[in-house]
Every structure is written in structure tokens, then in C-alpha cells.
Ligand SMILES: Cc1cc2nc3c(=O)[nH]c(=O)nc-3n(C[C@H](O)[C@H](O)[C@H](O)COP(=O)(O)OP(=O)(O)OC[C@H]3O[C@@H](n4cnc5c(N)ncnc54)[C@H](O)[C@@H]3O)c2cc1C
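Next up is one chain by itself, shown in C-alpha cells, the form predicted on its own.
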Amino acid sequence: MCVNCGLSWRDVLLLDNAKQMGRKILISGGGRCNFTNQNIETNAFLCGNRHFCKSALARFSQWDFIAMVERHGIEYHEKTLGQLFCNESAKEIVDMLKTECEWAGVNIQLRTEIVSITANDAGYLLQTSAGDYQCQSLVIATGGLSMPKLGATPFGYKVAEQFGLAVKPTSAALVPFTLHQADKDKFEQLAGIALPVIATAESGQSFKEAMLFTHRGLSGPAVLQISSYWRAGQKVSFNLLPETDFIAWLTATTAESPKLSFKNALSRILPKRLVEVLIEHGELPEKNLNQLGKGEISQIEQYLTYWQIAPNGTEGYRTAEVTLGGVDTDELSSKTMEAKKQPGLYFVGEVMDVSGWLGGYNFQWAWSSGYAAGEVA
């Protein structure tokens, strides 16, 4: 975005209160930065206006960012589901963005706190810890509330409200679930155990990825994804056997080893400790395979393919990868990201009510929305 402004022969100053550029980029993807996804589609973004993302994503797509990465000689690989990561380090992406800024003549100023913003006839006057600055266009790219240890604040929302723009309620997303005490006591001994599942929210949205038991609750890609669609008080269902036709498997296994215990049989296709815990708490029967009746088998299949749990909550912004809600997109132009009733004021990235799936979608929205604003700001 700054690069695009600079290339339009505007003087561009990037103000950042942090001591280091791109801290969220640097820690992302286990330090290798999942910088985009090959499968970017608008249905992978949660937004009050489902059409809002289309223009920006089309004008600066994942392929445009990939081309920039390749132009800088950064080697990368696909991990799963189209997710692209640096082979070496996330620092390569930060260095690339710094270089692009240098080429475009963008000035970067860190450790600068913005004290106040005032609109005037010339645009906007910013009072900062480093002095006053006058600008014609002001772009807010401050992110949401996720990961406060990296400097996340509600600053962007306050700017929007200052100029009369609506801000939608925010909540943590792409975040692990915590469990009610009874469930926590039951499953915390399984911490570290992961298995493939299909997680489904009450809304019907589902994701087929891994689930991880933790000391506090549930995590893993499937849980992080579904957390964006979960609301307090709702249940989430998990198909614990997404790759197995349970009835066909049980029929074949029983024919082969009729006196085999159900526990030992099921431990062939599910983690043994999970099976033991479910039997210990009476969720599954402790019998041999040839002792299971048809009705019982049907109940077991229903349980394993529709395992339900009601989360107590989430781990909150502390570990959330993104923030749901933010500046209402109805207040912004989908082509330029400019506030409709406040000329010269732009919002890009996570600060607005646009949140993507896990896997590089949120970074791509930052690149695309920033590019859209940079074309005109």
C-alpha cells in the first residue's frame, strides 16, 4: 500500500508506534510466514457485506503477491490446502516490503505515538510524539485487537468513531476453545493428542482439518477455523472418523476378529488414550465386537461421527490470530477503502470488518486492501 502511494509520486510517511516493523509477520507461520494462499476466494472471508472483498482481491490477487515474492528471489513452498510459506524465514517478507518501500521513496518512522488527529481544509493534522504532521490523505492500517503483546490496540476503531463511522462489535477469532470444568477435567489428560476431524458449527459451516487436545481445551486448525463461526452458548460437532466408513469397518473387523475388544479395535483408527477416556466415562461400551447389537452400533456411529461439545469460551485476544468485527464496511468504498463521509480517510486490513480463514487469507486481505487504497490515497 505504501509502495503504491509512493509510486504515484506522493510523499508517503509510514508512522508506527512499534520498535520493529512487521512483528506480526515475523511470528506468523511458526516464523516462516504463511504470506498468502493459492485458493483465495471471497467466500473465505467473514464480512457484513459479502460482496465487499471482491474488487480489492481481484485487482491485487494472490498471484500478484506471489509474483512480488518471486521477483525478490524468496523461495517458498505449499504446506497444505494452498498455504504458502517461506522456505527460510518470515524476515524475508518484511525485508521485501522494506525494499519495496525504499524503491518507492516511502519514509518509515518507528517509535512514534499518534496523540491526536484533526481534520482541516488541507486534510489531516497529526500530533505525535515526534512532532506534528500535515497530510492530504490518511490511511489507517493499525490491525485489530488480536495478540496485544505485539502492540494491538483499539486505536483504529477510535479513529473511525471520531469521524462518525460505525464500528461493529469485535471478538477473538481463529482462536482455541476453552472447556467447561467437567469437560476440562475429562480431557486435559489428552493434551498433545491430535487427530483429523470435520468440525461443524451450528451455522452449518464445516472444516476438515486436525483437532488438538490442550490442557485448557481444544485447538488445532479445525478448531481455529470453526471458532470464527461459533457464538457463546452454541455447540460444535466433530466427526472423529472423517476418513472411515464406521459401519463397513466394524463389520469387516468383527468378521475377522469377533472376540476382539471394541476398545482395542477402535484404537486402530483413533488415538488409544482418547478411546480409553471415552470408555472410562461411559461414552462408549466396554465389550467385545461380537457383543455389540445393531442398535448399539448405530448409537456408537452417531456418537463418533457427531461428537458434540459446548465450549466454555475461547482463549481470547491473547492467542487469537485475527479479530472479528471492526470498521463497518458499509462506511467504506469497496474500490478504494476510503470512508464515504470522510474524504481522504482510508482503512485497510484487519481494522475493518473483514476476517479471513486460517492459511494466509488475512495477509492477502492486508495486501489487497492496502493496494486498493494506495492506488488513490
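Because the structure is a prediction, the values reported are computed rather than measured. Residues carry their position along the shown sequence, with the first being 1.
FYI, the form predicted in complex with this ligand isn't displayed, but the following is about it.
Peer 1: Verify the contact flag for G349: yes if a non-hydrogen atom of it lies within 4.5 Å of a non-hydrogen atom of this ligand in the predicted complex, no if not.
Peer 2: Taking the distances in the predicted complex, the answer for G349 is yes, it comes within 4.5 Å of this ligand.
Peer 1: With heavy atoms only and a cut-off of 4.5 Å, decide whether A366 touches this ligand in the predicted complex.
Peer 2: A366 belongs to the contact set for this ligand.
Peer 1: Just checking whether I114 would be counted as a contact of this ligand in the predicted complex - the rule being heavy atoms within 4.5 angstroms.
Peer 2: I114: yes, in contact with this ligand in the predicted complex.
Peer 1: Hey, in the predicted complex, does M68 get a heavy atom within 4.5 angstroms of this ligand?
Peer 2: Looking in the predicted complex, residue contacts with this ligand do not include M68, since no heavy atom lies within 4.5 Å.
Peer 1: Just one of 151-159, 94-102, 262-270, 286-294 has residues with a heavy atom within 4.5 Å of this ligand in the predicted complex, so point it out.
Peer 2: Careful reading of the contacts points to 151-159.
Peer 1: Please pick, from S219, T254, T142, Q225, the one residue with any non-hydrogen atom lying within 4.5 angstroms of this ligand in the predicted complex.
Peer 2: Result of the distance check: T142.
Peer 1: Which listed residue (V275, M147, V106, L179) meets the criterion of a heavy atom within 4.5 Å of this ligand in the predicted complex?
Peer 2: For this set of options, the contacting one is M147.
Peer 1: Can you name the residues of 308-336 that have a non-hydrogen atom within 4.5 angstroms of this ligand in the predicted complex?
Peer 2: The stretch 308-336, when checked against this ligand in the predicted complex, contributes A320, E321, V322 at the 4.5 Å heavy-atom cut-off.
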